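Coming up is one lone chain in structure tokens, specifically the form predicted on its own.
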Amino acid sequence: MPTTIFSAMRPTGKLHLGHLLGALHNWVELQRTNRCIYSVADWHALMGEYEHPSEIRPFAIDMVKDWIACGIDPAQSILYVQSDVPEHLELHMVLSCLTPLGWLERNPTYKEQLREINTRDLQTYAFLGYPVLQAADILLYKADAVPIGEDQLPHLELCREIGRRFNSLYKREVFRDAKAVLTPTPRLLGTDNRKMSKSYGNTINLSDSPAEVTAKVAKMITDPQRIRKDIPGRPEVCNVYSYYQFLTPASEQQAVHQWCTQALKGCTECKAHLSQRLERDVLGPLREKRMALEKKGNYIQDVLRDGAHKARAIAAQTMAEVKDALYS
């Protein structure tokens, strides 16, 4: 049998270049040789956006458009919305009963987000317990592997511990340990040199118009020492150059490195060139594919409905095993 891969994204905003490089390119490759299940994690989104939930569903539809435009194929992968498969919450309830509170309170990401996010009240029961729902997401499909970055390894280990505890308590091998598929996440910063995040308003979105991309790139921070065109630049400290490194061919990178270090072109011209390349090679093709999808009427809704049907068939079998372990 092919390896089962599970991954998910929260529909809390528009997808940006960080998502493309950090996840979607890898998702496309994984689906070639594996059974991939990709979830729109709207219950997870609600945990942080419960005060303003009206945008979650529109963001979900928009996000799936980006997935498919980037190469995720509904004929190869299962795409669905988490809340359309009620077994997620059913297994979440079961696992909540047996997950020690201390495991959740020690979660480093939980502590970090409580400390850093001050625009929303995250002091809730659901937010503390979101790793249990995350574990239910993965265990429900008996995933063999989960593509993650190194910073998410503690989450996956907690998922494994919860699954092992269930197996141990009820003397059944219902759940398996999911392995990490470590994905090197490019350090692509936002336009202001901070972490790329919609919260900072520093993203270049996959759905941005050419004018929006040009305006955002024009404001990007470059080498602070290069205050004039005739001063040689330092590409290694320039955020604009990092975009060339991740998004253009090696020959293009070499040319940009040369004109920067030899002061052949200024930063304004370099930014304009980057905008053109992003439009021609990255965002323009994606926009055309999105527009084609939008002309297909309810195509995205049909994809998600079909995906939920397939996901439920798997999830229902797992829940039957869970209930058999609990009550027999």
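Remember, it's a predicted structure, so these values are computed and weren't measured experimentally. Residue numbers here begin at 1 and follow the sequence given.
Not pictured, yet referred to below: the form predicted together with tryptophan (TRP).
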{"item": "4.5 angstroms heavy atom contact with tryptophan (TRP) in the predicted bound form for residue 8", "value": "yes"}
{"item": "Partner proximity in the predicted bound form: residue 41 to tryptophan (TRP), non-hydrogen atom cutoff 4.5 Å", "value": "yes"}
{"item": "Touches tryptophan (TRP) in the predicted bound form: residue 181 (any heavy atom, 4.5 Å)", "value": "no"}
{"item": "Any non-hydrogen atom of residue 79 within 4.5 angstroms of tryptophan (TRP) in the predicted bound form", "value": "no"}
{"item": "Of 130, 166, 243, 141, the one that lies within 4.5 Å of tryptophan (TRP) in the predicted bound form (heavy atoms)", "value": "130"}
{"item": "Contact assignment for tryptophan (TRP) in the predicted bound form, among 191, 107, 152, 205, heavy atom within 4.5 Å", "value": "152"}
{"item": "Candidate stretches 281-289, 58-66, 296-304, 41-49, one within 4.5 Å of tryptophan (TRP) in the predicted bound form by heavy atom", "value": "41-49"}
{"item": "Residues within 4.5 Å of tryptophan (TRP) in the predicted bound form, restricted to 133-149 and counted by heavy atom", "value": "134, 137, 138, 146, 148"}
